[in-house]
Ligand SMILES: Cc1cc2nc3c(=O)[nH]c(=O)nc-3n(C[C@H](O)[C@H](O)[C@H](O)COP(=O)(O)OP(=O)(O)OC[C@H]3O[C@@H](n4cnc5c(N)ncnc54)[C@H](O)[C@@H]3O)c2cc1C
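Next up is one chain by itself, shown in structure tokens, the form predicted on its own.
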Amino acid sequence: MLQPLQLLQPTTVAEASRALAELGDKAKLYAGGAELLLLLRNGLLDAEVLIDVKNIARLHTVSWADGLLRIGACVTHRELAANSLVRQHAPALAYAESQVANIRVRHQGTLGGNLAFNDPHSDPGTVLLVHDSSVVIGNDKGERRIGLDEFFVDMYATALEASDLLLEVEVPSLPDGMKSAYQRLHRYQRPTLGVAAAVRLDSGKIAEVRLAAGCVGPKAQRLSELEGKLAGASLNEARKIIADEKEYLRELLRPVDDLLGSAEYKLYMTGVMLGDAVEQASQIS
């Protein structure tokens, strides 16, 4: 049963950061609360104070300028799935956001909360990795920017420090001619596996490619070494190369058995779906 909680509602980043520093483990940040309230109700997390950051205006904006999509941390999954800027400049992200959990979670949950919680079974981070995305982190002393690949540390662990807030996600546009795709398997409204690919073909060969996989192991990851091996390959050759890299994927992704699938199943399907995603992205006009 959820115990009574004190609620703070700061209106600035500095105010929220100072409250986190002063209260320590007694306080948790609250935006959508899709994951947080579930953990509190089930006794898996303790808190006496919720710091509601929804009154910080900059956390609700979506903008596009100079080849960069900027998304405030409190923008919900449903808002992102429908947003015209996201659909235009990062359509695979819009699709991934439309698939998150269920309609209640998409209405309530936020992109910032999703990334900061870093649940290994999550959709958005995988797509954001192929965009070379970064996050802007702030506290009462200033702001810093960090690549999403560095932000994800391990299962439920990120680069956020005790008084930090995730403020924005910065999503660069893909290079000219490169298109992206996201594919997922799911059970019980949670993804068993998610893969993303961004591809540019030249005369039927892969000129540029970016790959990422999530939900396999502790965190979503870019597959940089595999990307290099696909350069110059045809789509059929790419499928074979990916299939031959099972041990590379095992070592990098560290697949785990869980209720959503066995490690071997996830590993096999990662190879299959990466090939599918590369082909899908290459066919987008």
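Just so it is clear, the model here is predicted, and its values are computed rather than measured. All residue numbers are counted from 1 along the displayed sequence.
FYI, the form predicted in complex with this ligand isn't displayed, but the following is about it.
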Wondering, does Leu69 line up within 4.5 Å of this ligand in the predicted complex on heavy atoms? no
Gln183 versus this ligand, in the predicted complex: is there a non-hydrogen atom within 4.5 Å? no
4.5 Å heavy atom contact, Pro218 and this ligand in the predicted complex: no
Quick one: does Leu36 come within 4.5 Å of this ligand in the predicted complex, counting heavy atoms only? yes
Which of 79-87, 139-147, 169-177, 96-104 lies within 4.5 Å of this ligand in the predicted complex, heavy atoms considered? The stretch 96-104
Pick from Val135, Ala198, Ala212, Ala73: which has a non-hydrogen atom within 4.5 Å of this ligand in the predicted complex? Ala73
Output the sequence-ordered list of residues from 153-191 with at least one heavy atom within 4.5 Å of this ligand in the predicted complex. Leu160, Asp164, Leu165, Leu166, Arg184, Gln189, Arg190, Pro191
